[in-house]
Structures are given as structure tokens and as C-alpha cells.
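One chain follows as C-alpha cells, the form predicted on its own.
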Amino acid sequence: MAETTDYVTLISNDGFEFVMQRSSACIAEAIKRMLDPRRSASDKQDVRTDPLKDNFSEAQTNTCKFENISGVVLEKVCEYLYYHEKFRDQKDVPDMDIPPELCLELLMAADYLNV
């Protein structure tokens, strides 16, 4: 079985790589599913017999490639995931700076990643 590490790598469509803590990255449901070594790529069921036979390659390499998310947007997504983890149970959370020109792309990325 592939070794589960504390860090994962997210790669944008323009080749930028972001290494981040697995706990933060897995706030995004899509990333969590991609990195789960018990999930099957073919039928989305738990893999019980041979975990390496059929699970997502992302779970084996601890790397997620996003062909539809640019580096600028993925950087802001990573920033948000850390922000969310840091302020999860707090009140009076400071605003996160989001450039207006990224709003639409961030919304699409958030929808895709199920954040």
C-alpha cells in the first residue's frame, strides 16, 4: 500500500506545484476522495483485497494534477484551505483578500473541488 504522508502536492495546469499539509488539502472533498487509498477508481467502492490494484493514482503518488485550474487560482485555493483550517471554529474571522478578477475562476474551482 502507498505510504500516506503528512504533505501532498497539488499541480496546476500551467505546472506550478504547491506542497501543502494533507489535513488542509483534504478540506476539499474532491481532493480528499482522490487521496483516499481505500477508494477505487473504477467503481468508487472501498478496495478491500488489493489496495494498489485499482485505486486512484493520486493516492499512490500523493500528488493531484488539475488540468482545469491555473497556478494563480490554485495558489488562492491553497491559501483558502489553510485559512479555513486555521479559523475553523473561530468567530470574528478576518476577511481573506480575494482579487476581483479571480472571483469567477475561484468560484468554478471551489465548485469543482467541492469546497
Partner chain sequence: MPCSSLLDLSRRACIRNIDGITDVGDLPYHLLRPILLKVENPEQLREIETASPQICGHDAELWRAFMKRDIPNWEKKPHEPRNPNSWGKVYRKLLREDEEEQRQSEEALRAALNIRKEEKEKNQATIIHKAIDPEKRKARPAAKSSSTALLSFGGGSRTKTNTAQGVLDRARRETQETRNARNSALTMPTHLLNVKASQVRQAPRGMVVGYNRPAPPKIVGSSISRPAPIFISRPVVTDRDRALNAAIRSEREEKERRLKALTGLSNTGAQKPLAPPRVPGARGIASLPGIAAAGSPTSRTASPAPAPAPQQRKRPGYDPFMAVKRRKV
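These numbers come from a predicted model, not from an experiment. Residue numbers count along the first chain shown, from 1.
Although it is not shown, the form predicted in complex with its partner chain is what the next lines describe.
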(message) Given that its partner chain is not shown alongside this chain, does L106 nevertheless sit within 4.5 Å of it in the model of the complex, heavy atom to heavy atom?
(response) yes
(message) Whether F66 contacts its partner chain in the model of the complex should be assessed with a 4.5 Å heavy atom distance threshold; does it?
(response) no
(request) Indicate whether V19 is a 4.5 Å heavy atom neighbour of its partner chain in the model of the complex. (result) no
(request) May I ask you to state whether A59 is within 4.5 Å of its partner chain in the model of the complex, using heavy atom distances? (result) no
(request) Within 4.5 Å of its partner chain in the model of the complex, which residues of 81 to 103 have a heavy atom? Give them in sequence order, or say none. (result) Y83, H84, F87, R88, D89, Q90, K91, V93, D95, M96, I98, P100, C103
